[in-house]
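First comes one chain, alone, set out as structure tokens in the form predicted alone.
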Amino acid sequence: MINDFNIDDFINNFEKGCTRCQRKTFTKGEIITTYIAKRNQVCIILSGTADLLRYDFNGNKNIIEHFTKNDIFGELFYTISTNNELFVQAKTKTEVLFFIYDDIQKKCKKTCKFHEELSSNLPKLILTKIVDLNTRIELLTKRTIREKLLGYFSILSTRSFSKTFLLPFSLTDLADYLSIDRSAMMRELSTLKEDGIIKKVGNKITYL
């Protein structure tokens, strides 16, 4: 998430003054973008949710990242190859701001305020992205399914400032996101409930 940067005010105040950014709206299930080498596209979620996906050669889906309002994504953050296609899919109705990273280094003919503000805040955006990616790596390096689940639940609890929080995924997508077998994950969730560690009602989790 973006800290100390009011993206709503930023968009409302400056977007219309710049011809190098685009705002687009996508319906649930629609592909927002595919990652293409050398394009250096950067996107910011203005509303809604989306997933960064990859399918392996066997057709298995992997959720690389989950994006919500104010999250930033794009080719800038990944090394792209023809055998490593990534694409972003809207999970709900989603509005996205698009711009090209290389354009940030160029001055608009209008010398618009949008570029000035974006340039000054871009380091914050990228730093926040790095923190999110490091968190993802930490989750994936945990050895057991229980460790991955509890690690992810701890992140959600911290973000919501509560021991009760909602899963942003279906259970199938949660397994894809944590790179674990869904059946094995379901067994572990049942064990966590039996051990009195969590309470689960639908997609609501509570630490006990």
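Counting begins at 1, following the sequence as shown. Bear in mind the structure is a predicted one, so any value in this text is a computation, not a measurement.
One more form of this protein, predicted in complex with the DNA, exists but is not displayed; see below.
A.B. asks: Exactly one of 47, 144, 158, 27 has a non-hydrogen atom within 4.5 Å of the DNA in the predicted bound form; which residue is it?
C.D. replies: Of the candidates 47, 144, 158, 27, 144 is the one lying within 4.5 Å of the DNA in the predicted bound form.
A.B. asks: Choose one stretch from 38-46, 169-177, 150-158, 66-74: the one whose residues place a heavy atom within 4.5 angstroms of the DNA in the predicted bound form.
C.D. replies: Stretch with heavy atoms near the partner: 169-177.
A.B. asks: 124, 128 and 136 - do all three of these have some heavy atom no more than 4.5 Å from the DNA in the predicted bound form?
C.D. replies: No residue of the spot touches the DNA in the predicted bound form.
A.B. asks: Looking in the predicted bound form, any heavy atom of residue 197 within 4.5 Å of the DNA?
C.D. replies: Result no; residue 197 lies far from the DNA in the predicted bound form.
A.B. asks: Tell me, yes or no, whether residue 183 is in contact with the DNA in the predicted bound form, where a contact means a heavy atom of each within 4.5 Å.
C.D. replies: Yes - in the predicted bound form, heavy atoms of residue 183 and the DNA come within 4.5 Å of each other.
A.B. asks: In the predicted bound form, is there a heavy atom of the DNA that lies within 4.5 Å of any heavy atom of residue 23, even though the partner is absent here?
C.D. replies: Taking the distances in the predicted bound form, the answer for residue 23 is no, it never comes within 4.5 Å of the DNA.
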